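Here you get one chain, nothing else, as structure tokens; it is the form predicted on its own.
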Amino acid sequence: MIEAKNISFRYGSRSALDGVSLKVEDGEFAAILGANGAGKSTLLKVMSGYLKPSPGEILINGCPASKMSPAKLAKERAVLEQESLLSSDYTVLETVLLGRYAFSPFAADDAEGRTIALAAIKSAGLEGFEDRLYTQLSGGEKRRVQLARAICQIGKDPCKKILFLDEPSAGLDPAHAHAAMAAAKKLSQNGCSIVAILHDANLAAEYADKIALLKSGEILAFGAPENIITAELMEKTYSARCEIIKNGKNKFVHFPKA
């Protein structure tokens, strides 16, 4: 379980978050939607412990994140950041094994760690990539490797763990975007709390249990997709005209040209 309690954050004189409260239970998949500059990545960084709120508090499984060491945090949660600066000539398997460092500095020689890493590689649709060099992959392939690294960090028992995803579908084709979301959904079904920043409202509606709409650093709405994915709320969130297209039991978000 991850809970943000009345958190705010500023970059100098600019307010990025203002009194945000958000709670994601064990096994719940929460998506965060919002326009560029709404504060989504800042919210994820604060909730995952990279940034400290002022004021406010983050609770991870009931424990204040401010009182947890970096090593303890690494065992409780994993983070897929928006960008990775990794440039070393590691293989895909070696890169994914970095997710086990908090549990074993010698993960490459740890049989259990390798088993977990190989399972994570499979879940990210990267079977057969194990010996390929990370630096020689496409942008989308690198994104999937980093997703596998985060899944590897969650480990074989995801219950009560937390996975933060900053734009997990960015740079991925539709098939791999759905595969990435399905991998995260499977973790949530096994007790892991998922907090994912997404730009695609349709992906959020399909996979998330709850959706938070963030605008100008504040939560505009938070709830089940059927209550959040409405033309009115989408227009308020993105300041753009929105249409909800119904197709049988499904509905799709469409932003027509102005």
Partner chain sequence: MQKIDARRTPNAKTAGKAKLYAAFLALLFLGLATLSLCTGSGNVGLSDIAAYFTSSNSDETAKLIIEHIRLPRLCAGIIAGVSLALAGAGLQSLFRNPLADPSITGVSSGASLGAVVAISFFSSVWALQIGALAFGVLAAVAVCVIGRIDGKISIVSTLLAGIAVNAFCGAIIGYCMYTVRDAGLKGFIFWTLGSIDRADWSGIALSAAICIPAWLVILLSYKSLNIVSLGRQQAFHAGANVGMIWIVTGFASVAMTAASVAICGIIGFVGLVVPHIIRLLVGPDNKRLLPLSAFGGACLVIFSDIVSRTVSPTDPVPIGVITALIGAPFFVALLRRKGGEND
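Numbering follows the first chain given and starts at 1. Note that this is a predicted model, so its numbers are computed, not measured.
Form predicted in complex with the partner chain: not shown, discussed below.
Figure note: of the listed segments 214-222, 227-235, 44-52, 191-199, the one touching the partner chain in the model of the complex, with heavy atoms no more than 4.5 Å away, is 44-52. In the model of the complex, every residue of the candidate spot (E81, D89 and L98) has a heavy atom lying within 4.5 Å of the partner chain.
The single contact residue among A170, L137, A102, A179, judged by any heavy atom lying within 4.5 Å of the partner chain in the model of the complex, is A102.
Interface membership of K160, defined by any non-hydrogen atom within 4.5 Å of the partner chain in the model of the complex, is ruled out. Using a 4.5 Å cutoff between non-hydrogen atoms, A71 counts as a contact of the partner chain in the model of the complex. Taking non-hydrogen atoms only, R77 approaches the partner chain to within 4.5 angstroms in the model of the complex.
Contact annotation for L93: at least one heavy atom lies within 4.5 Å of the partner chain in the model of the complex. Interface residues of 142-165, taken as those with a heavy atom within 4.5 Å of the partner chain in the model of the complex (partner not displayed): Q146, R149, Q153, in sequence order.
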